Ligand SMILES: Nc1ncnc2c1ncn2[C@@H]1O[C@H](COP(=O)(O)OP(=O)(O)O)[C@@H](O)[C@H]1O
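The chain below stands alone and is given in C-alpha cells; this is the form predicted on its own.
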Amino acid sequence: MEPILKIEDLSVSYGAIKALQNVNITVNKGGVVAILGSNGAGKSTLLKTISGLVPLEQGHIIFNGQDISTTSVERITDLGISHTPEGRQIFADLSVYENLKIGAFTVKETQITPDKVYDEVKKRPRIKQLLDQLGDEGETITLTKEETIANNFARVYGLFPVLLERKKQIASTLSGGEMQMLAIGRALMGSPDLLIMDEPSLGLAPMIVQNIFKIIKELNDSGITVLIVEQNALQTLKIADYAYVLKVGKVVNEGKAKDLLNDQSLIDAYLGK
C-alpha cells in the first residue's frame, strides 16, 4: 500500500525533557493506524508535531510525498490534514453551524466522483447538468468552493443528524458526546485526506463511545485515512489496521492490530489484567 504519511527519526523536546526520541511511523493511504501508550508516552505530542503545533527537534514528516517538517499549521491543513484535538476545543460561544463553517476555511474547488456528491447538492441545476454529461465510470466533476462546503455540510449532517437539529444552538450547551461529534464534524468540513484524532472517546459514556468508533470506521470506509491516539486500546484495535505502542517517547512495539489484540503483554499493560 502507498504511504500517505511517513514519520522518520522524529525527535521532540520540551526544554530538557525528551518527549519523542527517533520515532518512525508509516500510515498507509486508506488505513486506520492507532497510537497506543500510557499517559506521558508522547502520543499527543506526536499528533501536535504532525499538525505543526509543536516544532520538531530532528527528523522528517512526509505527507503525500512532501516534506512538511517546517510547514505552517495553516498550510498543513490546506494540504489535507485535519486534527481533532484532545478535549474537543470547540468554539464554545459560537453556534454549531458557525463552528462547522470555521472548519471549511481552507476549502477550495474540488474534483469529486459522483458517488461522493450528496443528494442536496445533486439537485442543484449546474451539478445535475454536469452529472448528466458524464459518460464512463470513474469520471469526476468539479465543485466550486461554495458547492464543496455545501457538500461537506450534507456529509456532516448525514453522519451526525443531531448537529443539524442543533445547528443554531450555542456549542457550550451541547452534551459531551455532541461536542465530540461537532469536533469531528468541524474537521471533516476541511475535506481532509488524513484525519488525526486525539482521544475521541475521552470522558464519554460507553454507549456514546461505541457510536463514535462506529462513525470512525464509516469515515475510513468512505476513503479517509485515520491516525488515532486512544487510551481505549481494545476498541481502537478493533477498528485499526496497524498500531504502534509508545513508551516514554519511543516506539516499543508495533504490528497488525489483530495481532496486538492477541498480545497478552499489551493487554496487561493497556487493557488491565
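In case it trips you up, residue 1 is the first one in the sequence shown, and so on. Fair warning: this is a prediction, and the values are worked out from it, not measured in the lab.
What follows is about the form predicted in complex with the named molecule, which we do not show.
Visitor: Name the stretch: of 33-41, 219-227, 66-74, 236-244, exactly one has residues whose heavy atoms fall within 4.5 Å of the named molecule in the predicted complex.
Guide: The contacting stretch is 33-41.
Visitor: With the named molecule left out of view, which of E86, E147, D193, E178 would have a heavy atom within 4.5 Å of it in the predicted complex?
Guide: In short, E86.
Visitor: When the contact criterion is heavy atoms within 4.5 Å, does N232 count as touching the named molecule in the predicted complex?
Guide: So N232 does not count as contacting the named molecule.
Visitor: I'd like to know if L10 sits close to the named molecule in the predicted complex, meaning any non-hydrogen atom pair within 4.5 angstroms.
Guide: No, L10 stays farther than 4.5 Å from the named molecule in the predicted complex.
Visitor: Please determine whether A19 contacts the named molecule in the predicted complex, using a 4.5 Å cut-off between heavy atoms.
Guide: Because a heavy atom of A19 falls inside 4.5 Å of the named molecule in the predicted complex, the answer is yes.
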